[in-house]
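What follows is one chain in structure tokens, specifically the form predicted alone.
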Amino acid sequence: MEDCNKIWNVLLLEISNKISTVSYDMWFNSLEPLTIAHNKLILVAKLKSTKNTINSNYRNIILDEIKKLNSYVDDFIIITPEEIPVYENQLQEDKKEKETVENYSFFDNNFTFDKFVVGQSNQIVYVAANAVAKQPGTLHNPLFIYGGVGLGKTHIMHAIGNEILKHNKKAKILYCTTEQFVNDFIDSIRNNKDNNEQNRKFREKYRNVDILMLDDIQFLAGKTGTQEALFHTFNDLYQYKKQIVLSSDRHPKELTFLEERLQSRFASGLTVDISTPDLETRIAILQKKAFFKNVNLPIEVVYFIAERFDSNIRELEGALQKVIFYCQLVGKEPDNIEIIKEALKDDIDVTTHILSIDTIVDATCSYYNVKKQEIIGKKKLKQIAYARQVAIYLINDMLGVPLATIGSYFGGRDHTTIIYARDKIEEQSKTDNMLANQIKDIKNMIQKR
């Protein structure tokens, strides 16, 4: 059972943003959380009028926030002080369970499967994590996820937790970093006087769960005693078909500092990796993040950012956040490349030329004297359509960008349209010397930029 004070504090914070200060001070300030009974949060109101007013006017607001918690609490009851004795038995049970309730985890509502952008770099991880969330303990146990910093390992672990709790609110899930596991183990052996009691608490915390998730397992390096404790914890959970999910910055076989038997346990289930996202995935991530932040980014801006931040998702999200902050600060919209360059001037070398879709399109527009918005847009005037087809051909020829990506850049055009434009220019340039020279001229322009 979760700590009712913790849950109520989270709810109060959210409720305060939904109602007026006067209403909050009058009706909510005096409420006190009592306990959790039968998946219901029990609140105490000093006055019956407070109880009646909240039930009549604010019940739906509170329920909406409770649903967002992804906790097994699904309702609330308000009682008056004279009704408290009815819940005395439940209070006694809460007291007995207090040591273990604090062990179970909350999960970030922003880290769900719906908000996880799937691409070639993480598709296998996504499918495996979904399978584990649907049937924990029966498929892919343990699930070992590895990859570099900022690629989404923590997101996918939180997504598993959120998905499991969505369908089973009573599931006992413990998610923590390996550093926390190490610290808890050290605490369990620190004081000889209370050694047995501390050992009991440690065992109960990590073994009395349905799902155990440990993040950054590589931090077990050099910690022989903790490895021993994890080995026995792993065996106990695995024996009773409890799901184990682990993450690391490298494959289990590369964790050479681990005891061989522990290394073997980690590799006994399904091992999947998250690699650096490709351009298309980075574009999709930026578009999705911008959507959730209610920010409208033109496609050329999305491409500009995605092409320059290619090492991990965290950097990409940081760049987007910096652009949003800068534009709010100066009172401008993030609708052109110059503003983006100014916002990110400390993070990228704006003077260094990077071959990109934007570079090719800009050069083509300049050569044929057409506007960029026209070539990207829907206009079908002969001169614009011709320049568009040349640009499509050059992008495919010089960058090898997937057809779907090119289609997205040019206003969401179908891939068959992109194929037609590419093939038409390619074939025509073989017999049309003027077109061949034009293509050569534009390439020279690009190379000199």
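In case it trips you up, residue 1 is the first one in the sequence shown, and so on. These numbers come from a predicted model, not from an experiment.
If you look for the form predicted together with adenosine-5'-diphosphate (ADP), you will not find it shown, but the lines that follow are about it.
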Exercise. Using 4.5 Å between non-hydrogen atoms, is Arg314 touching adenosine-5'-diphosphate (ADP) in the predicted complex?
Worked result: yes
Problem set entry | Distance check, Asn122 to adenosine-5'-diphosphate (ADP) in the predicted complex, heavy atom within 4.5 Å | yes
For this session: Check whether Gly152 has any heavy atom within 4.5 Å of a heavy atom of adenosine-5'-diphosphate (ADP) in the predicted complex, and answer yes or no.
Result: yes
Problem set entry | Residue contact check: Tyr238 to adenosine-5'-diphosphate (ADP) in the predicted complex, 4.5 Å heavy atom | no
For this session: Identify, from the list Lys115, Arg250, Arg203, Lys242, the residue with a heavy atom within 4.5 Å of adenosine-5'-diphosphate (ADP) in the predicted complex.
Result: Lys115
Problem set entry | in the predicted complex, the residue from Val301, Ile375, Leu212, Ile285 that sits within 4.5 Å of adenosine-5'-diphosphate (ADP) by heavy atoms | Ile285
Seminar exercise, completed: Counting only non-hydrogen atoms, the one stretch of 152 to 160, 220 to 228, 332 to 340, 261 to 269 within 4.5 angstroms of adenosine-5'-diphosphate (ADP) in the predicted complex is 152 to 160
Exercise. Of 130 to 148, which residues get within 4.5 Å of adenosine-5'-diphosphate (ADP) in the predicted complex if you count heavy atoms?
Worked result: Gly148
